[in-house]
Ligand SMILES: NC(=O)c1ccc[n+]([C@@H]2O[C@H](COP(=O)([O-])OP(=O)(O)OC[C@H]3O[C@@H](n4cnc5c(N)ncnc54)[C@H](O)[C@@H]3O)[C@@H](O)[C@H]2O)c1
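Take a look at this single chain in structure tokens; it is the form predicted alone.
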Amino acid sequence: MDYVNFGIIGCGTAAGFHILGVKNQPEVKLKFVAAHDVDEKNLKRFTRRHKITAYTELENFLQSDEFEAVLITVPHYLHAPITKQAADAGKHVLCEKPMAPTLEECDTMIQATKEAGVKFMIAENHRFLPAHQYIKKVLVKGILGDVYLGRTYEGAFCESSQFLDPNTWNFRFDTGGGGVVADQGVHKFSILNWFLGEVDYAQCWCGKAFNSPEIKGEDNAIILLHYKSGAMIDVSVSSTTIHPLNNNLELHGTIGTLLEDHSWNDPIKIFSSHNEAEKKGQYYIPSEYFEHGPYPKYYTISARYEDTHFAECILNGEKPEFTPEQAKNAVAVVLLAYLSAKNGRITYMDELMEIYNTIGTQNVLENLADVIHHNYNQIHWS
């Protein structure tokens, strides 16, 4: 077998990024050949556009021999049950982030795929973005020294209806696992954990710029993270800031600084006193080429890299670079942030683990609406 055939479950925006990422890329080792969606009109429109087979029934879809692997791009609360169904049907599973709303659901997904003997990976596109792969090499090489301070931001403007309409699943506590901390913060936590190691404690503030229904989560948040390495990181996430979707990162180490901004064509700048820095003692743009482009290009680029990696793991019998356990750890930081917001204080990862080992982490997601700051009282949207 030279390539892997994929079926898609859920024909929304995320599915479109994955298909566009591999379109007209003859070197990729996968093909999207089929799709299922509970919305038959959306399914028909999506499959016609991309010229793939439509399946109106999930059971028939999973029993098809047209494909060996599935890409799951459905609301977050469905990740665990559909992953289990797909694994039980013998399909390899690539599931969109966040892994699941709770740690217990993450465990269900890990166990189901292990028992079925299928490959399993969370589609965390930031982990496979070439710029982030380059940053990881810089950190391993010691170009910045020991990182002790940093900040990162994601602004992903959404139409206000996604918050104001209670019937949309996005950003709801019950279907999305929370607001922007769960939806966008998990990107940041996945990458920062990879760069810096384990989180020790956190403090979080959640706010609403929109007067959205109580079932909807925060649309803005600030999370302060302290890593066991000693690094202190400020994470800001928003779905209301007015600009094209963007991410940026700033890391300060004992011998250098790295700046990254996804809106730049050359997304990385480095200042370092390391002897192997390309331009010691001055800011420079790395000479090493890596593929990049401002939104939406970096989404399709990173989707292609992650999808190709997963397909190659299937073809070569290898373990994915981004493991389910690492994806679960990112969900743990989401829950730690929410627990801190509920506590109104710095909260340690050990406190979250105590809840995980006793009453369960679903408890963290209960009554979160009570701790969200109503910033919309002072804001006038025009």
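Start at 1 with the first residue shown and count on from there. Everything numeric in this text was worked out from a predicted model, so none of it was measured.
Note that the form predicted in complex with the ligand isn't included here; everything after this is about it.
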State yes only if every one of Ala14, His76 and Asn125 has a non-hydrogen atom within 4.5 Å of the ligand in the predicted bound form; otherwise state no. yes
From the candidate stretches 337-345, 315-323, 61-69, 36-44, select the single one in contact with the ligand in the predicted bound form, where contact means a heavy atom within 4.5 Å. 36-44
Answer key: of Trp194, Tyr284, Trp205, Trp169, within 4.5 Å of the ligand in the predicted bound form (heavy atoms) is Trp169
In the predicted bound form, the residue from His132, His92, Lys97, Lys188 that sits within 4.5 Å of the ligand by heavy atoms: Lys97
Non-hydrogen atom contact Ile82 with the ligand in the predicted bound form at 4.5 angstroms: yes
Should Gly10 be counted as a contact of the ligand in the predicted bound form, where contact means heavy atoms within 4.5 Å? yes
Since only the chain is shown here, I'm wondering whether Glu105 would be in contact with the ligand in the predicted bound form (any heavy atom pair within 4.5 Å). no
Would Phe210 show up as a contact with the ligand in the predicted bound form if we use heavy atoms at 4.5 Å? no
